[in-house]
Ligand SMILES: Cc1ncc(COP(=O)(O)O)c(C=O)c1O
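Next up is one chain by itself, shown in structure tokens, the form predicted alone.
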Amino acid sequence: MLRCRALLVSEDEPGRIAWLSGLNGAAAQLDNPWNLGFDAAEDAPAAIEALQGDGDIQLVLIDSRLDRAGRDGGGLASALRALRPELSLYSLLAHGDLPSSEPLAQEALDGYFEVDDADYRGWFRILSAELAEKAATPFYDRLKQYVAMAKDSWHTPGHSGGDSLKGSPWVGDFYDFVGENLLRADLSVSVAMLDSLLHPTGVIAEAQKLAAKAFGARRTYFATNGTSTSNKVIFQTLLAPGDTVLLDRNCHKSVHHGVILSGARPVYLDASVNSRYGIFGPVPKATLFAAIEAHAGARALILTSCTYDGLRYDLAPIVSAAHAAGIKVIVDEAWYGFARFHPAFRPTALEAGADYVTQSTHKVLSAFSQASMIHVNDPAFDEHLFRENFNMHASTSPQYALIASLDVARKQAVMEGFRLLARTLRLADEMRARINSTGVFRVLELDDLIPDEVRGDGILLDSTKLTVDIAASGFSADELQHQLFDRFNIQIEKTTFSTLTLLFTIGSTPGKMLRLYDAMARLAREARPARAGLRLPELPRFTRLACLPRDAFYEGGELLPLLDDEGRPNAALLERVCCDQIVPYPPGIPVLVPGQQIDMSIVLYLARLLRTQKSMEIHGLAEVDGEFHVRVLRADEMERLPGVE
């Protein structure tokens, strides 16, 4: 059942009683679609305690007398805004008092009421209207409205609202499986009332403005082809051919593709590595600061926070150092898009000062797959150039269900994200304890996961990502993954050679957790002797960039086998320059990027992966007659191409 609460904070007991009586009376008498009710707290500590424990509180009314210096509750309001930025905050002013002119107080507060003007019905209507604005889903509502109009379709797509499928003896089951509403909502850009993703001026623009406010951005853009494309759009907006970009080698492969497309000159920064568990962590702060100092003319720095395994940078000092050198900061927050809505996960990248942030809303909130957001806080943002690059990558036939899901995901995060994330944290903590109680499986903590070279860097762990050490079970990761899937109907996020990763989200439930624990407990009782000596081959360090990645990628090259006729690492590859991005997946970190020179450590690493990690995909190798080959530059191509120095 829908339930919203407003919290009234005042030390004035008679005032609290009168205000509560008046406001709850108005709520009972007037139209109240949000089931809005009013509670009270007697002071600031009580208010903070209430807000930490009750996710249904959406509005706070603060007696200005609580903050004598600001007269308008600005101090408490700022504290509450820092705790839960999605709240709507109002100050109760005495007659004759004026709102503070202090910028921080103005930024923290959404409005004011005069307590001597006890128009409780008027106050209630204003607060109800505030809830309506926060809970609005302009695009989703318009999409539902259009579907309800039942217009005959004489436009794309060809299934014409599902009519081509309905009743078909061959594919009618697809209509039943997908559902009528989804098919009716699969529409063409011909429907003007649904706005244009490529040039939004209506309901999509409204939805994006609401998202920007929710996530703390100056501007937000919806993307329907994932964070992979979002990263490329930002790269092409910021980087011209030859511009220097600093990037974590641990970045998603889309970032490396962005380097190719933009023609930028990359400076690759080696990530930290936990060899014991095959975990790749952040780039050490010392490495980042040294790179910023050595490349003060760089155009941009891009980092991933948090990582796939939940490791989070201490971003604020890194962003500050980059900005001092005139470098824009991009943060791939694909796995961390929920962080704004619970204090346990903050600060977010935007709050730490990042200029551009990409988020896979579909990964960790309630959006459909491929639905992502691009957030912009760059004060020098060139919207026209961004739009040109966005439209270069976006489809002219976007899937409207994806846009609607972004609208809905934002609403849910604002209205109940705190409550749902509090539950997620609680379930993750319970699951951690239960897995550890098996005595065989163990959830790794930050101290286990963090590589030695970043121990003093202020790295934190997103505790909703549980990495489970399976070494004591005697099972391989592949065996456990199959056991969980085949016997217990459980699909996990990923594995390494000695770990499983469990992803807790706002969709995690106590029932799912119980079934997972039961499966882990049963498997623990079937444990075999521990397998000793398992270790992922260590990722070779970056060698050197012989030419720009774009130049190498667009040459024809030649294919050389990874192994020679005797099945040994092919010495003919040594000192050659790779044309493609070669990426073992998982974890998805390139061993080679276009333009990189190959040495024996790289050839040995790839050969060993092929021999020992049978379930691992290696993207970028060419398979010819059943053998893997590497595309490298020919000698004449290498002679013709300019270097990067």
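Don't overthink the numbering: it's just position in the shown sequence, from 1. All figures in this text were calculated on a predicted structure; none of them were measured in a lab.
Keep in mind that the form predicted together with the ligand is not shown, yet the notes after this line are about it.
The closest heavy atom approach of residue 335 to the ligand in the predicted complex falls within 4.5 Å.
The ligand is not drawn, but in the predicted complex it has a heavy atom within 4.5 Å of residue 254. For residue 412, no non-hydrogen atom is located within 4.5 Å of the ligand in the predicted complex, even though that partner is not displayed. In the predicted complex, the ligand sits within 4.5 Å of a heavy atom of residue 226. Contact with the ligand, judged by heavy atoms within 4.5 Å in the predicted complex, is confined among 361 to 369, 118 to 126, 144 to 152, 276 to 284 to 361 to 369. This chain lacks the partner; the member of 499, 304, 237, 220 within 4.5 angstroms of the ligand in the predicted complex by a non-hydrogen atom is 304.
A heavy atom within 4.5 Å of the ligand in the predicted complex is found for exactly one of 473, 348, 262, 231: 231.
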